[in-house]
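The chain below stands alone and is given in structure tokens; this is the form predicted alone.
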């Protein structure tokens, strides 16, 4: 099948659709003001995100039973609390901080780009985020998804094949009728191996001004775009 047969776009969300790093820093700086803290939230955001893949790997590799991303994020947060001097946070404040992942801000082009893409394609998340997290994020940021799919519905984390194949199955489509949209080359490698079309979206500041990975496509993906508005234009929307 050619790219013209694509019926659905499935999206990586953290980094591709929303700016997780700046959002965590924003909320952390608010905590500094409200609680008279002196936390380096830039370092904190990078450390928290740095625990993301290792925690997913323990589930993927069968080292521990299934746990959704809210639970994994909370466990990582509890490890970081003493390191960053956040012991004064109450249980309620800790839970609210953990739910910052539900309140991530979209990139400036995101809503416009998704709105245009929705005219022509089914739009679905294909994220490691759990359903409640994705729903709350979408409602706050006005992300116009048609379906919330990914790790929790497939009961496995990317880049396992089941994650991609179950997403296509839930949409009633073949993998060849789906296009994975991501700012991460490894995500697209896994998707292409499952038969998905691929679209690389540049997010050169996802990890801040000194980002070194995923600045450019690492392969000949079906589409390469500077942002989601550019993707919409290249897909005829």
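Numbering follows the first chain given and starts at 1. All values reported here derive from a predicted model rather than from experimental measurement.
Absent from the display: the form predicted in complex with a further copy of the same chain. The rest refers to it.
Contact residue in the predicted complex, chosen from 94, 118, 103, 161 - any heavy atom within 4.5 Å of a further copy of the same chain:
Result of the distance check: 118.
Taking a further copy of the same chain in the predicted complex as the reference, which of 132, 165, 80, 89 has a non-hydrogen atom within 4.5 Å?
It is 132 that has a heavy atom within 4.5 Å of the partner.
For the three residues 24, 30 and 47, verify that every one has a non-hydrogen atom within 4.5 Å of a further copy of the same chain in the predicted complex; reply yes or no.
Not a single listed residue reaches a further copy of the same chain in the predicted complex, so no.
4.5 Å heavy atom contact, residue 112 to a further copy of the same chain in the predicted complex:
Answer no; every heavy atom of residue 112 is more than 4.5 Å from a further copy of the same chain in the predicted complex.
So in the predicted complex, does any heavy atom of residue 39 sit within 4.5 Å of a further copy of the same chain?
Residue 39 lies outside the contact set for a further copy of the same chain.
Just to confirm, residue 74 within 4.5 Å of a further copy of the same chain in the predicted complex by heavy atoms?
Looking in the predicted complex, residue contacts with a further copy of the same chain do not include residue 74, since no heavy atom lies within 4.5 Å.
Can residue 136 be called a contact residue for a further copy of the same chain in the predicted complex at 4.5 Å between heavy atoms?
So residue 136 counts as contacting a further copy of the same chain.
So which stretch, 193-201, 56-64, 39-47, 165-173, is the one near a further copy of the same chain in the predicted complex (non-hydrogen atoms, 4.5 Å)?
That would be stretch 165-173.
For 220-236: residues with a non-hydrogen atom within 4.5 angstroms of a further copy of the same chain in the predicted complex?
Contacting residues: none.
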